[in-house]
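Heads up, the chain below is alone and in the form predicted alone; it's given as structure tokens.
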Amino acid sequence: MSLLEIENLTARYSSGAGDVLKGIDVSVEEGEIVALLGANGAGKSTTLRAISGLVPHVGGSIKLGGVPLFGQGVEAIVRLGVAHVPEGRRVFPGLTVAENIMLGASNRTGLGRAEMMREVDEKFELFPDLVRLRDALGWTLSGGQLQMVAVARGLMAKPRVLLLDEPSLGLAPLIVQQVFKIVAEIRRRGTTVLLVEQNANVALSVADRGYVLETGRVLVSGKPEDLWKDPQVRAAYLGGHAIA
């Protein structure tokens, strides 16, 4: 059984609107990085929001470790082991870096302050560029630094699966490479990752498998090397370039 199993998922944001997702099947094994790829409007971010309980009208099924997520509240889904790092980072500008990271543990009951601070220190070990910024306010950070804070905050929830939505958005290429090295390290340390990314080249460089979405449906899925062998997929959805 897969850690995360999505079957025949449909989703729309209002009762009178058309479906954004039209019966997709996605599975994520424990310990994998899986990438959701495709053009704008393909339904990638909606898939992550449906997993997190943020889409009001859904059908099909989503299970985490065999436990159905439909019908669970957003906070309950977090407690079951889903952490969602949304597009745009959404770091609180008036809080320090350390305070922003601590907020990720807000749904963990029984966590003492000493243990919380130990875990915050672990996140600074994972993101060494943030150490000197520990007491800096969120509004003073660059885009790359904000992304690192957002991912560190997500990890504070101790997730079984981490959902990352467009982590490279708006970042310089050098910073993108740095962020994705951290994504690979997160998996190495035992956290499963489901990744939505426009930059297919860098996403597939770290992913075990990928799904290419087109207008709410899965067009093709497979290992990165298999996706790159399909010239139509490569040209239309993956930028037309081989992985460096």
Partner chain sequence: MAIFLQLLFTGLGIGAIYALVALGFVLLIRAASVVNFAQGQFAMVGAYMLVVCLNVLGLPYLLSMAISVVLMAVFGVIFAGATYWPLRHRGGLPVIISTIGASIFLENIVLFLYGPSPEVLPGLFDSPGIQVGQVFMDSQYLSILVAATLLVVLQYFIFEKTLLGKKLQATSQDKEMASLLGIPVAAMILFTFSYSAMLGGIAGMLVAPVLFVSVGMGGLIALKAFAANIIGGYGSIPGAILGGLALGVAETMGAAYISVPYKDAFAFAMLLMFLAVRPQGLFGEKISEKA
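Numbering follows the first chain given and starts at 1. Predicted model, so just to flag it, every value in this text is computed and none were measured.
There is also a form predicted together with its partner chain; it is not shown, and the following applies to it.
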{"query": "Single option in Ala136, Val74, Leu80, Leu126 placed near its partner chain in the predicted complex, where near means a heavy atom within 4.5 Å", "finding": "Val74"}
{"query": "Stretch from 61 to 69, 188 to 196, 23 to 31, 47 to 55 whose residues place a heavy atom within 4.5 Å of its partner chain in the predicted complex", "finding": "47 to 55"}
{"query": "Three-residue site Leu103, Arg113 and Met116 fully in contact with its partner chain in the predicted complex at 4.5 Å by heavy atom", "finding": "yes"}
{"query": "Contact of Leu141 with its partner chain in the predicted complex (heavy atom, 4.5 Å)", "finding": "yes"}
{"query": "Heavy atom of Lys158 within 4.5 Å of its partner chain in the predicted complex", "finding": "no"}
{"query": "Contact label in the predicted complex: Glu99 to its partner chain, heavy atom within 4.5 Å", "finding": "yes"}
{"query": "Sequence-ordered residues of 153 to 178 touching its partner chain in the predicted complex, heavy atom within 4.5 Å", "finding": "Arg153"}
